[in-house]
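One chain follows as structure tokens, the form predicted alone.
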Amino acid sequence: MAKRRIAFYLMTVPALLLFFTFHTFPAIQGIFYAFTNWDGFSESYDFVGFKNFVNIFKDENVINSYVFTFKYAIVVTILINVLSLLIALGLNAKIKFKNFFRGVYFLPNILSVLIVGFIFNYLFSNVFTIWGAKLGSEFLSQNILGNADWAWIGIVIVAVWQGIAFNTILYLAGLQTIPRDLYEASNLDGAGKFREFISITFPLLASFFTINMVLAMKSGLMVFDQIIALTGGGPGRSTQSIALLIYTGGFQGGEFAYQSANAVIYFIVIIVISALQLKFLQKREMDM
């Protein structure tokens, strides 16, 4: 028994120490600096209380970043879940080469976000513009990433293309748990495919739908890599997300304490949104 306990501590204590050192302690430091005026470089700083938090709500640049981030996250969350559910239904049907297609649809998930972003950056800048010019379309012949009004659409396309893979796998896993007897009984009753989906498939996928919605929204709110690879936050600041603003302002703009306060606020926002999603969607599960 003593040997088992020693082995347990040898496996858990180092992991806990590493987690505390590289995750918990830096987070606590960030919260501490949020109440100071430290620029990230100076040796001294002063405590300013809640001044940084108050100024966050007065900063137009921060507000615009919040608007963009929420707009992006909502659109991406809806598109990813709708498309991944449709793909999962197709891959769960009786089709040839089912396992092959499942593997193909999962490939985007194992690719690096930055690599995918740089590839699509090249496609938007060079390939798609050439195709648009050959088709005689003025809109398609321009690089949408260089257009302040349309650049966010390009980021959405990339995020949805890559995000669908993981959600599709989760929906497929959920579809495997639905007993085939239910579909056979519905066929005997003369129910169509749409009625089967409304009355059987979707209600029994409720828990998987909840997980996918929460994860997709969280990922959308924390968008960073796609923007770095595609637009860098431009043109201007039209695609600047909160995560990108915190990074550039805190580590490059001498606003470490100010952006630390922004990070604390945004952390609370993400927790609140996730909690509300879980409460609402789990309530819907119970009503089904």
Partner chain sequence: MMKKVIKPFLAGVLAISLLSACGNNGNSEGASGDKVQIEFFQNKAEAKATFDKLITKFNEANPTIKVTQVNPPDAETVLKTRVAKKDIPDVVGIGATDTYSTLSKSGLFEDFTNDPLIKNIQPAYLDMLKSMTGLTEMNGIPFSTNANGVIYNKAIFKELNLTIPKTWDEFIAVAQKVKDSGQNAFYLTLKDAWTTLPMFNPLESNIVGLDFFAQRAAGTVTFKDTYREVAEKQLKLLEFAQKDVFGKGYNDGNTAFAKGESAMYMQGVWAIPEIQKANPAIELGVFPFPSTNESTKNKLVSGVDTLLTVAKSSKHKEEAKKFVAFLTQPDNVKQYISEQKAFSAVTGVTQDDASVTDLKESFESGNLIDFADHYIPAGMKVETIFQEFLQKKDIDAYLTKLDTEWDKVTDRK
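Numbering follows the first chain given and starts at 1. None of the values given here were measured: they were computed from a predicted structure.
Form predicted together with its partner chain: not shown, discussed below.
Relative to its partner chain in the model of the complex, residues N81, F194 and S219 are all farther than 4.5 Å at every heavy atom. Among residues of the shown chain, A148 is one whose heavy atoms approach its partner chain to within 4.5 Å in the model of the complex.
Contact check for F251: a non-hydrogen atom falls within 4.5 Å of its partner chain in the model of the complex.
Its partner chain in the model of the complex comes within 4.5 Å of a heavy atom belonging to G236. Mapping the unseen interface onto this chain, S199 falls outside it, with no heavy atom inside 4.5 Å of its partner chain in the model of the complex.
Contacts between 14-43 and its partner chain, taken as any heavy atom within 4.5 Å in the model of the complex, involve N37, G40, F41, S42.
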